[in-house]
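The chain below stands alone and is given as structure tokens, in the form predicted on its own.
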Amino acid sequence: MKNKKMLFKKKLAAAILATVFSSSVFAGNLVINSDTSDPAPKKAFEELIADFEAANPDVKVTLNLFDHEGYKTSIRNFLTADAPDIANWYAGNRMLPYVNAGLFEPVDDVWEENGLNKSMASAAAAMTIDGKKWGVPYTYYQWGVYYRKDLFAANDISVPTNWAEFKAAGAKLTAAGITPITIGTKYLWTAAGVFDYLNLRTNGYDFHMALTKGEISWTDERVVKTMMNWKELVDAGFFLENHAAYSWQEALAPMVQGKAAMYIMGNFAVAPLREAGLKADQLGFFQFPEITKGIPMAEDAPTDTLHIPANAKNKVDAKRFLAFVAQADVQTKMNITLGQLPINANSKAGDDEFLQAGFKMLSNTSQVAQFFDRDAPAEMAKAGMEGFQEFMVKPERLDTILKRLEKVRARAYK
């Protein structure tokens, strides 16, 4: 009997030790799935993980890298069947399907405990659905108007801050034989950038987001107002001729050659413009000007994010990781490697003048859209961008285009 009791105690002790050991091992393993497989993002994430492990020696991180297309097709499957502890994705409506399906975990506590509602105010709206925060953003980049400073100076044009000044600048350029805005719409998304800014400035962020969520008709008079503002520019010859034949890269050439003065584009255009020969004193940047007075100046700034899957096994360490990524110094370091902008307003942007300009602009807004093809579902985004390109070529078809988009809206959001 004594031997049996001793044997039972030994087994019980062993079981307790095994439980403690296994739980400690479990608690220290953090699995991240990511599509950051390109050289700069891969390096940034490897450095991030090394720094996190150094600061948290009790945690071992496993990074599973996917190519971009493979990640898009597999994310729903792994969130459902074999969830990692952290997955990267995108802000705004791109989160919505996974939030609605119950596949992402709300992380309001991470935001509150780390002061992120203040330090990341610029991205707060883009991370919020149904009043809850669903992840932490770590990088974005600005859109806006890149312009030839020397052409503006030669034609006595000041940087426009409102719609009247913007149209007056275009009129001066046209009179001088210069195309006001270069653009290549061969691959459609560039026209979506123009639409985003015209709609954000005409009707505001809340309206724009409601439209891309399918809550507003495309034949609504407010959408028509946006398109009529666009038509003013088209009718005045603001845009590059034959733009539907050019890619966005090919549309850089007229700007480099001095035949066009502005480009409504993301910050990724700066490097090829410099490589093509534009000098520092020739290239500038300004915020897309105000159209409707009093509407806050929302921006397009596609935002990359990290999320905790609802089925994650190690949510405790996952929240530690999100809090770490949100730190100002961590975001500074990551984005120097990425060549993009940190979201934390206490971070520092890289030395490049355009990163500095973008960081200042985005840190002073609380409304950031994600770009039309991220904010709208795929079917609506495709139809919308096709319609925008068609409108730029044949503005007289506006009524037909908007009615067609309204039919797509009826299907796409079911």
Partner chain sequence: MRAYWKANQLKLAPWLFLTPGMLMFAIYVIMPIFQSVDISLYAWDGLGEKTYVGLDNYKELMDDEAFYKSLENNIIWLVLYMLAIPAGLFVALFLNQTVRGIRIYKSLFFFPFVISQVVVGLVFSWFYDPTNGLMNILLNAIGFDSIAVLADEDYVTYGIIVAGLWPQTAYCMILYLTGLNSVDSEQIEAARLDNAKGWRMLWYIILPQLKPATFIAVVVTVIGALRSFDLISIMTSGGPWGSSRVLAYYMYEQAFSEYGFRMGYGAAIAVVLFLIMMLYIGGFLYKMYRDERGR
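Computed from a prediction, not measured in an experiment: that's the story for all the values here. We call the rigid core whatever largest set of C-alpha positions still superposes within 1.5 Å between the two forms. Numbering follows the first chain given and starts at 1.
Note that the form predicted together with the partner chain isn't included here; everything after this is about it.
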Establish, in the model of the complex, whether Tyr197, Asn203 and Lys333 all lie within 4.5 Å of the partner chain, using non-hydrogen atoms for the distance. no
Closest heavy atom of Ala378 to the partner chain in the model of the complex, within 4.5 Å or not? yes
Contact of Arg320 with the partner chain in the model of the complex (heavy atom, 4.5 Å): no
Just to confirm, Phe288 within 4.5 Å of the partner chain in the model of the complex by heavy atoms? no
Thr161 near the partner chain in the model of the complex, any heavy atom under 4.5 Å? no
Pick from 49 to 57, 379 to 387, 359 to 367, 341 to 349: which stretch has a heavy atom within 4.5 Å of the partner chain in the model of the complex? 379 to 387
Ser217, Thr174, Thr80, Asn117 - the one with a heavy atom within 4.5 Å of the partner chain in the model of the complex: Thr80
Though the partner chain is not shown, can you say which of Ala244, Leu306, Ile157, Ala312 has a heavy atom within 4.5 Å of it in the model of the complex? Ala244
Stretch 84 to 110 - residues with a heavy atom within 4.5 Å of the partner chain in the model of the complex: Arg94, Pro97, Tyr98, Ala101, Leu103
When you overlay the rigid core, is the Cα of Trp248 off by 2 Å or more between this form and the one not shown? no
Phe288: after superposing the rigid core, is there a C-alpha shift of 2 Å or more between this form and the one not shown? no
Thinking of the 3 angstroms or more shift, are the C-alphas of Thr190 and Gly70 brought closer or pushed farther apart in the model of the complex than in this view? closer
Looking in the model of the complex, decide if the C-alpha atoms of Ala210 and Leu103 are closer or farther than in the form shown; they differ by 3 Å or more. farther
